[in-house]
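Quick setup: one chain, the form predicted alone, written in structure tokens, and binding and motion questions come after.
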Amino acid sequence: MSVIPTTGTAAFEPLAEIAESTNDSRPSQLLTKEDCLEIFNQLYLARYFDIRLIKEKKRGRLRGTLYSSHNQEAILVGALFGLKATDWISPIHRDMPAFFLKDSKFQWDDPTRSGMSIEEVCAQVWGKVDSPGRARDNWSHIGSKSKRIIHSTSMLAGTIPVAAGVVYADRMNGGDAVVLTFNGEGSTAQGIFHEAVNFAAVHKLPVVTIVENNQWAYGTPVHMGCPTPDVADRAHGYGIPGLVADGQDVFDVYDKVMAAVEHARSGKGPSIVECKTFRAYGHGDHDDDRAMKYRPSEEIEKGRTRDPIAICRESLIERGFLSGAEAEQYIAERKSASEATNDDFPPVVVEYLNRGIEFALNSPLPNAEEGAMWVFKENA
């Protein structure tokens, strides 16, 4: 863990306090047993979503490219769990579970919550008419103004200036919303990343830039794209805080992101939270075989050993929230998509995703006449 030091300002104190605090004083220690078990179930849900889609494609029931979040689930769950419903998020291609995890705490099926339903997200994956994008893309290029989700694009880091503009407008209208932007470590080498974070820093905008450092930007290792020991060190140049979280520990992610969120919400400006993790598969499933060649086998094996589900399970056992046979149920960790079965996941998780997938499979394709919809301005 590292923290970007301050220079002649007290604005960094909340983050510094979190960085230096003991385990007993961290925000995650204030979570109830019910909160922690909900977080555990959300990790299962994110993992099962990933595994189930891989299985569906192998069965020939799904087409298109899949971008796996396998082994990175703690970042999404930990980052989103403490947000307000009025906060914004800006996911990227590896964050598909974020669309249905937003504002899902204890209310997965509440239609009024500020997040997408599992039916909407699955319809998007299958490219059906009931998807938010009405079959114009089969993956993450969706969003919702009403749900406060900024549309994902393929231009990584390109949504940061959009996010900055969204919360700038919110503050001008008297709101207190914070926006989380998710980015790969490779995107931090792009010019737009620096321009956008600089703009947010100058105007003290409540933008928390989460860097999912999974060690590889497609086939480029992190040391070829970032010259500093931690990607969060880039925060030095903007005079803003930078935190490094263990991206495999959902509670450490929660602690660091909540510190950054409260810092932003109080008017002290943006920050960078780097979550160190490891990409279990290739950049996309089209890259799986190639990734086995450009990444050393020992690196892959080591990267997969610290499974987020296993680490969360151990934390819950230590806190007395899981014990006995209950603690040994549903061992999904360290299993690939081909190894895992439905019995490795809580029934509520399996049933939830089954419902979304069946909805998508039974949803029709849009009519051909819709091809020009949203392309040309209709006559007034």
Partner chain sequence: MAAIAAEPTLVKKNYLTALREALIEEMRRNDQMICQGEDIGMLGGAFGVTEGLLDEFGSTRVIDAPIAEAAIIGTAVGMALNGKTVMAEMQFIDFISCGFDQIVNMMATYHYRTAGEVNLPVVVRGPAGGYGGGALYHSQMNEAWFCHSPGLRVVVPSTPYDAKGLLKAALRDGNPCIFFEIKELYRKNEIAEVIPDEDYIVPLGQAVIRKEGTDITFVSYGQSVYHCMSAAAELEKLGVSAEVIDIRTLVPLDEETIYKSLSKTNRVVVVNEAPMTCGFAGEIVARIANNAFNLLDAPPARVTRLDTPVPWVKPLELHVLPSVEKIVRVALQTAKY
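It should be emphasised that the depicted structure is a prediction, and the values quoted were computed from it without experimental measurement. Numbering follows the first chain given and starts at 1.
Quick note: we don't show the form predicted together with its partner chain, though the next part is all about it.
**Student:** Every residue in Gly133, Ser144 and Met155 with a non-hydrogen atom within 4.5 Å of its partner chain in the predicted complex?
**Tutor:** Checked in the predicted complex: all three residues contact its partner chain.
**Student:** In the predicted complex, does Phe99 come within 4.5 Å of its partner chain, counting heavy atoms only?
**Tutor:** Contact check for Phe99: no, nothing within 4.5 Å of its partner chain in the predicted complex.
**Student:** Gly186 near its partner chain in the predicted complex, any heavy atom under 4.5 Å?
**Tutor:** Taking the distances in the predicted complex, the answer for Gly186 is yes, it comes within 4.5 Å of its partner chain.
**Student:** With a 4.5 Å heavy atom cut-off, would you call Asn173 a contact of its partner chain in the predicted complex?
**Tutor:** Heavy-atom contact with its partner chain at 4.5 Å: present for Asn173.
**Student:** Report whether the minimum heavy atom distance between Arg63 and its partner chain in the predicted complex is within 4.5 Å.
**Tutor:** Arg63: contacts its partner chain in the predicted complex.
**Student:** Work out which of Ala85, Ile300, Ala169, Ala310 lies within 4.5 Å of its partner chain in the predicted complex, going by heavy atoms.
**Tutor:** Looking at the other structure, the residue within range turns out to be Ala169.
**Student:** Among 107 to 115, 254 to 262, 159 to 167, 301 to 309, which stretch has residues whose heavy atoms lie within 4.5 Å of its partner chain in the predicted complex?
**Tutor:** The contacting stretch here is 159 to 167.
**Student:** Could you list the residues in 116 to 132 that come within 4.5 Å of its partner chain in the predicted complex, counting only heavy atoms and keeping sequence order?
**Tutor:** Stretch hits, in order: Gln124, Val125, Gly127, Pro132.
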